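Consider the single chain below, provided in structure tokens and representing the form predicted alone.
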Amino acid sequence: MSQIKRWFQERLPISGLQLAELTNEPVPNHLRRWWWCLGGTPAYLFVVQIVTGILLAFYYQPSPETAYQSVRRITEEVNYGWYIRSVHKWAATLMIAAVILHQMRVYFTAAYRKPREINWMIGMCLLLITLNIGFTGYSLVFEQLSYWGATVAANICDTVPFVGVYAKQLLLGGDSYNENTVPRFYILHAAVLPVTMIGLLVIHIAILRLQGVTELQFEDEPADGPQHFDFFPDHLYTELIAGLVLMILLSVLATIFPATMGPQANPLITPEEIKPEWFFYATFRWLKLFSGTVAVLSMGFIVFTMFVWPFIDSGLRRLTGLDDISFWIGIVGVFLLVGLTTWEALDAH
């Protein structure tokens, strides 16, 4: 063992003390509560997505003629294919939920304020990419709902002034759903979006390391006590335990509620009910409440507002003199989001 250790030290001249200084940064006490450090949860689920996605890619065939049958074969014939596909689906669901909750935590603790405005905007990009990964993922099954969901999404793009028609053609690979659409969704889902997400995650974490984590103080913490704890091994253990719990949860969900197969896509038959996945319920309900162009432009305005919220928040605090005005605006936004999602979930059509 000593020879092996000496061999590595000759080629990688890094001592244990140097490695500890590099990785063992102080972690604020509030991160002992796992619900305050949700940033690691979607990262872990993203790794699960990559691993299970690679396994599924060995059998999936991205074309309108073969996509549905290849997914059916994965689900019904390939050894443990149903489990891998189910874990992939549930990891996607939990990842989207975790990213949304993490972004909400950052918002309601005002962790986006100076000097963290750039990281907030990167986080918003990661949220949008996560939603698009979910959208392109369920579109690959080539079921009735996924086919018509993609068609509706393309028609929504078409309502955007000036660039809408080009966005629709870029999404579908033509003026309507065709033989190029499924391969295009597959490339977006398996290559373009994940690689973009990895790049943004690297930048996100690098900025976080440079600026440090936003420190929060709770009433039950003694003011004269230690304010930080070590990343290794304390916080690492917390993350490992959270990962183990998530893996157990994913396995339970995949076993009790496995991914199923709906009817194969049929361009000649429009389903009586077209609904997206749950994370687009609020958007879908919003589209039903307003006309196409107004709904799309207003949603675009809301997303843009969220991107630049750190600067809006600064202006609102100067204008009103209320330091927590964004908190109350956020409460209204959450009620609106939950209300629209619930409304769409309970509506039969």
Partner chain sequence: MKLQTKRTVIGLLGILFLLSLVLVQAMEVVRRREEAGITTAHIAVPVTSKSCVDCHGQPTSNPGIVDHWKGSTHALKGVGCVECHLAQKEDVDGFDHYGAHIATVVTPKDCSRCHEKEFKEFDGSHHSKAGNILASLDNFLAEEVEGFRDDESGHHFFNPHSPTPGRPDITEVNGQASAMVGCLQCHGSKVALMGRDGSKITVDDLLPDEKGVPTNLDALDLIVKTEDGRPKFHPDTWPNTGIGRLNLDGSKGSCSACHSRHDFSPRRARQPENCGKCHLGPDHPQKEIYEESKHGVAFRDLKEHMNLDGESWVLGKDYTQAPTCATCHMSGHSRNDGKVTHDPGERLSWTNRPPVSLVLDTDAEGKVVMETDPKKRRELTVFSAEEKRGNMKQVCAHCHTPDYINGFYKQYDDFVVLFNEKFAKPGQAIMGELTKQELITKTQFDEEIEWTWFYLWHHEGRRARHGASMMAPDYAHWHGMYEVAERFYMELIPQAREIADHAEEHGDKDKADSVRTVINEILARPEHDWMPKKPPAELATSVDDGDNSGDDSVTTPDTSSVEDDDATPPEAEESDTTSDADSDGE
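Residue numbers count along the first chain shown, from 1. Predicted, not measured: the structure shown is a model, and the values here were computed from it.
There is another form of this protein, the form predicted in complex with its partner chain, and it is not shown here; the text below is about that form.
Considering its partner chain in the model of the complex, the lone stretch of 236 to 244, 158 to 166, 109 to 117, 199 to 207 in range is 236 to 244 [heavy atom distance within 4.5 Å].
Highlighted residues Phe135, Glu272 and Ile274: none comes within 4.5 Å of its partner chain in the model of the complex, counting any heavy atom. Using a 4.5 angstroms limit between non-hydrogen atoms, Trp82 touches its partner chain in the model of the complex. Within 4.5 Å of some heavy atom of its partner chain in the model of the complex lies at least one heavy atom of Val78. Interface membership of Ile248, defined by any non-hydrogen atom within 4.5 Å of its partner chain in the model of the complex, is confirmed. Shown alone here, Val195 lies farther than 4.5 Å from its partner chain in the model of the complex, counting heavy atoms only.
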